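Only one chain is included here, represented as structure tokens and corresponding to the form predicted alone.
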């Protein structure tokens, strides 16, 4: 048996910082094609740069908040099955 506890890749602060930087770079790179595409807008707001990225973020946040609300409603007591 090993006396040292092995440290995982995601437990090192240096690696976590690298992953955040990679995430920011990838998110920034996904906005670049938005400057070079021709938009055929159906509503006035969908022609804005980064609209679909913002729409995806807001949709995800609303979905998370909705699931937390449903979790509060459907939550049962801890001893529910011990009756």
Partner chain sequence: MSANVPPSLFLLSGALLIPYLKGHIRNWYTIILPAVTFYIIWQLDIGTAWHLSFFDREIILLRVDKLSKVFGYIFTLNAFAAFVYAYYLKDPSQHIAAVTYMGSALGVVFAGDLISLYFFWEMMAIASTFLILARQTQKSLNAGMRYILVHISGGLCLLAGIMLHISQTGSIEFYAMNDRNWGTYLILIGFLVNAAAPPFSAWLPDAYPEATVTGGVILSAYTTKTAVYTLIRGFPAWEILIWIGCIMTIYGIIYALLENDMRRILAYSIINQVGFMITGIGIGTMMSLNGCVAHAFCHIIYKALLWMSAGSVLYMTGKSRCTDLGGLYKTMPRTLLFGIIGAMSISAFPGTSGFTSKSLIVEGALHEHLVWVWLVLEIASAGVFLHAGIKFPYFVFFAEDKGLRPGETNRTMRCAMGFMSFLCIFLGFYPQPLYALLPYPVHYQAYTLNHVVAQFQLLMFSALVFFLFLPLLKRTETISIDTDWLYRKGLSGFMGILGSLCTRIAHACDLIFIRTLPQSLNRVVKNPLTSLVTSYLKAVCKDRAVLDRFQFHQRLEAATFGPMGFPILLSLMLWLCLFCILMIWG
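These figures come from a predicted structure and were not determined experimentally. Residue numbers count along the first chain shown, from 1. We call the rigid core the largest set of C-alpha positions that still match within 1.5 Å between the two forms.
Another form, the form predicted together with the partner chain, is not on view; read the next lines as being about it.
- Put simply, residue 13 is far from the partner chain in the predicted bound form: not one heavy atom of it is within 4.5 Å.
- Although the partner is absent here, residue 18 lies well away from the partner chain in the predicted bound form, with no heavy atom inside 4.5 Å.
- Although the partner chain is not shown here, in the predicted bound form the stretch 35-50 places heavy atoms of 37, 38, 39, 40, 42, 43, 46, 50 within 4.5 Å of it, in sequence order.
- Annotation: Cα of residue 71 displaced by at least 2 Å between this form and the one not shown, core superposition.
- With the core superposed, residue 42 shows a C-alpha displacement of at least 2 Å between this form and the one not shown.
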